[in-house]
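As structure tokens, one chain now follows by itself in the form predicted on its own.
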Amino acid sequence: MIERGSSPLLARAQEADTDGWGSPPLSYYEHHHLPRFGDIAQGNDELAKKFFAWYGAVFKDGALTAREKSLIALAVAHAVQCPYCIDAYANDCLEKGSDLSEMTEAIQVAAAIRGGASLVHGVQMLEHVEKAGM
């Protein structure tokens, strides 16, 4: 058995039955957190302003349309498994006129790239096997 408190993550997992105040534990991914994204400015308003200005500029029409960028964001959100981004960009895609088939295809592209990236690393394994003379 691992000693209680041997790491902050383990200690938190072992206390997961309550939040320490007798309440059920908070989820790491609460739906109501998404609208509070701008609240991160409380820690450093100057950096937050720079981030949000850049973020906004990235998603404006350019060589790619805002709709295409939203589909890319939805795919990336699935690849990095961010539930906040999935929520935001699923809605944004719909608002920008994407349909379920386009959104699903974008997610399939992300899954294919992620799966392919895992498989191509198998070449490293093959080289180890070859060096071992097997």
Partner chain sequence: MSVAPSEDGPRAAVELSFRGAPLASAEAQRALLDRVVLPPAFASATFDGMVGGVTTGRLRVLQVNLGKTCNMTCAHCHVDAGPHRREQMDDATIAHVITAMDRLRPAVVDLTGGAPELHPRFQELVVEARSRGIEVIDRCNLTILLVPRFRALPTWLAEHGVTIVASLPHYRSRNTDAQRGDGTFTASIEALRRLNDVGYGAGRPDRQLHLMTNPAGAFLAPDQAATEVVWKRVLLDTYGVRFDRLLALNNMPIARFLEWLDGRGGTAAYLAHLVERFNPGAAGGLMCRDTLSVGYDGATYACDFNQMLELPVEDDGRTLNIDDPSVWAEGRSVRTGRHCFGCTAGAGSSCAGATG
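Small disclaimer: the values here were computed from a predicted structure and weren't measured. Positions refer to the first chain, counted from 1.
The next section is about a form of this same protein that is not shown, the form predicted together with its partner chain.
Contact with its partner chain in the predicted bound form, judged by any heavy atom within 4.5 Å, is made by just one of E30, D87, D45, D99: D99. Although the partner is absent here, H78 sits far enough away that none of its heavy atoms falls within 4.5 Å of its partner chain in the predicted bound form. Taking non-hydrogen atoms only, L94 approaches its partner chain to within 4.5 angstroms in the predicted bound form. Among heavy atoms of K69, none comes within 4.5 Å of its partner chain in the predicted bound form. Per the 4.5 Å heavy atom criterion, its partner chain in the predicted bound form is contacted by stretch 99-107, the sole one of 36-44, 49-57, 78-86, 99-107.
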